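Just one chain is shown here, as structure tokens, and it is the form predicted on its own.
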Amino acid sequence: MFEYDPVIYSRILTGLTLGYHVIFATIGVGIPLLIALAEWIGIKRNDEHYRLLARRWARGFVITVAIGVVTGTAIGLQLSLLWPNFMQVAGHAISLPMFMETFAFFFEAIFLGIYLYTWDRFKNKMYHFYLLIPVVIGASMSGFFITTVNAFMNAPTGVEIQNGVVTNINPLAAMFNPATPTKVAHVLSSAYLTSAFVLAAIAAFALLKGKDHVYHKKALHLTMTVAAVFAVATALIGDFSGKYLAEYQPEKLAAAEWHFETSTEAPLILGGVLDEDQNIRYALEIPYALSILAHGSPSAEVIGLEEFPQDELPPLIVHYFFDAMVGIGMFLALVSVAYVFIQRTKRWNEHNRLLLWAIFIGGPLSIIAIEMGWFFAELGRQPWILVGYMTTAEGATTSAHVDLMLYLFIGLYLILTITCITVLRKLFSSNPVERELKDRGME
């Protein structure tokens, strides 16, 4: 591909693994909440359609969990093999959340297994629902713990590092660092939002194909209501994230907005291109918006990239990732809130084809937004792997054959993708919802 450089290949391989894993991790965090809501509503309303929703969602969820286990294991392997210097320094501080993430996953997996094998086994249906509560808690806590590791990389606290030696370790302070509140809140909220839109897209597609059964309408109603709640929550948390960046990582915010000079009344830059002299062309400027995002005041001063050494600046391409993430997030919020408004007011048909197409498109777009968010988070931290302490190049391996590992893992992920799609299609095409409704005596 190019001249062998273990740092470059390590970054590509790690980025590939994280980019692939984040899809299944996001679904793994969000789907259990949707399953729990569907079953709870089904029990409370004595509505078997909602209980069937929970049953079918759970079947598909198990397949994605299996893929997530493989990719999660790959991440652990790659941290040790590709980033030994980083793990030698930071591993002491973040070993607690990494261990707790594993514990949370096993906690979730145990109850998920019991939940799957005890359908229709209890006279009181709520007992079966209670088994799902640990699954929801375990999935969310797994997301919480692993996100604190990433937060530590952006805002390392709870340790002192002198000449590469870690001293005065406080694992709790490292885990609950300044980046933790906004990062954890944003990751969990966006996971619930994305999962809701993915399931909503499936229901919308069924309705678009002419499957006008009330089962699909109930699925759409539940998922879009959840999506509307978390779309608004994600937008609010995004505002807090902007204020965190302005205080703790101003160079990352400045790179995201192509804000080169420190100034007051700073505008928000949407889109555009940079010429050779770093002049911005073809961009949409929203006056005062960056100052408001950064400090809550239109007259606030926002630090520009000029304040930082050139070798410590993030790549300016993060601007496009940031714009894509925010733009898709606003689209998802608009579509989900519009659905809820139309459904509640009954002024229009919430199942009109235009809205259904928007919901269907929102499914893959939500996954893209997650990917753009992680690209922005990771590239925006560069050149640091541990901000202020260790650069990415210093943390990487110097070993040979990382390129061979990259090709092997590409092959693995292709196999996993084909397997996942094939199994999911077979699982649901061989047992369509219409047949299952008929078998259960449900019209």
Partner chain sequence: MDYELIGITVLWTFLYGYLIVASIDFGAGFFSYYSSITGREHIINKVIARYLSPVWEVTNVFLVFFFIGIVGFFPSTAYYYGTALLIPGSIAIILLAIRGSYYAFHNYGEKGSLFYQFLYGATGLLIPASLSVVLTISEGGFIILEGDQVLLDYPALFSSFYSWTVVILAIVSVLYISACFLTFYAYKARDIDAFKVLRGYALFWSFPTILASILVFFALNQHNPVHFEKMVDLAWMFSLSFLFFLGAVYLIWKGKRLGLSFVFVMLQFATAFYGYGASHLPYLLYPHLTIYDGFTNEAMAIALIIAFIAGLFLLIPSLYLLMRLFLFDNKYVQGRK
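Computed from a predicted model, the values in this text were never measured in an experiment. Residue numbers count along the first chain shown, from 1.
Omitted from view is the form predicted in complex with its partner chain, to which the following refers.
- A heavy atom within 4.5 Å of its partner chain in the model of the complex is found for one listed residue only; from 178, 84, 327, 272, this is 84.
- 88 is the sole member of 157, 225, 262, 88 with a non-hydrogen atom within 4.5 Å of its partner chain in the model of the complex.
- Residues within 4.5 angstroms of its partner chain in the model of the complex, judged by any non-hydrogen atom, belong to 108-116 and to none of the other stretches in 352-360, 272-280, 205-213, 108-116.
- Interface membership of residue 150, defined by any non-hydrogen atom within 4.5 Å of its partner chain in the model of the complex, is ruled out.
- When contacts are judged by a 4.5 Å heavy atom cut-off, residue 103 counts as touching its partner chain in the model of the complex.
- Interface membership of residue 348, defined by any non-hydrogen atom within 4.5 Å of its partner chain in the model of the complex, is ruled out.
- Residue contact check for residue 93: one or more of its heavy atoms lie within 4.5 Å of its partner chain in the model of the complex.
- Of all the residues from 409-430, those having a non-hydrogen atom no more than 4.5 Å from its partner chain in the model of the complex are 409, 412, 415, 416, 419, 420, 423, 426, 427.
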